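One chain comes next, on its own, written as structure tokens: the form predicted on its own.
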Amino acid sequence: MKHLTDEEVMLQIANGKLDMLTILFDRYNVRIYNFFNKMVHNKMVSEDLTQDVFMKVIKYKASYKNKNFAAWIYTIARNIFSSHYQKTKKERSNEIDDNTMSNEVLVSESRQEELDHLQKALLQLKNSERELIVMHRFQEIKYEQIAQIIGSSENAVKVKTHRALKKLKEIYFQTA
């Protein structure tokens, strides 16, 4: 079963084989979790939002049409993040200081400080800018796929990502 494409697995789930969801969960749960963790920088919230994504996959399985599964699941993740962001808008400034992320890999203290500084700079970007950087740089999603996810053109995504990275660089070095 592991030789099936994501799209083939999702079509089987859409036809009622819910046990196939474990395959997609194994393939995507870490990626989706990392996407949320970069967006909110909170381990518990990221876990909850990741769980919500897979609940939505089950809920909307019948609406899946044989399209790019990665784009479809990241669209769900973006929508869940947007809802979460709206619900917690007032608490947003507190999330910057809520550094509960735990790293499985031990890193030196100075390296950890750099990562924390980068995360704080990332959190100062607009959601749309942060989302592009997270998807392209941290999730390694191609521009073409990001364009499908956010409903834009590939060239527009490249330009917006470049601008977001430039802005991130400015914020990072201003606060260093």
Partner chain sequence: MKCTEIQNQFTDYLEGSVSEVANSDVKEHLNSCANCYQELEELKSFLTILDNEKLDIPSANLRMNFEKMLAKEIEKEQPKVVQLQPEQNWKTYLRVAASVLIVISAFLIGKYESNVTKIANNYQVEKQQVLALLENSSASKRILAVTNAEEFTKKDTKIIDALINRLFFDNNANVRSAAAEALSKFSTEMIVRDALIKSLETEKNASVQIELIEILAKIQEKRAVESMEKILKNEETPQYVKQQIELNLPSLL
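Quantities reported herein were computed from a predicted structural model and do not represent experimental measurements. Residue numbers count along the first chain shown, from 1.
Quick note: we don't show the form predicted in complex with the partner chain, though the next part is all about it.
For the chain shown alone, Ile58 is a contact residue for the partner chain in the predicted bound form, at least one non-hydrogen atom being within 4.5 angstroms. At a distance threshold of 4.5 angstroms between non-hydrogen atoms, Glu113 is out of contact with the partner chain in the predicted bound form. Proximity of Leu118 to the partner chain in the predicted bound form: non-hydrogen atoms within 4.5 Å are present. Using a 4.5 angstroms threshold between heavy atoms, Thr22 counts as touching the partner chain in the predicted bound form. Heavy atoms of every residue among Asn34, Asn37 and Leu168 are located within 4.5 Å of the partner chain in the predicted bound form. Residues are counted as partner-facing when one of their heavy atoms sits within 4.5 Å of the partner chain in the predicted bound form; in 46-62 these are Glu47, Thr50, Gln51, Phe54, Met55, Ile58, Lys61, in sequence order.
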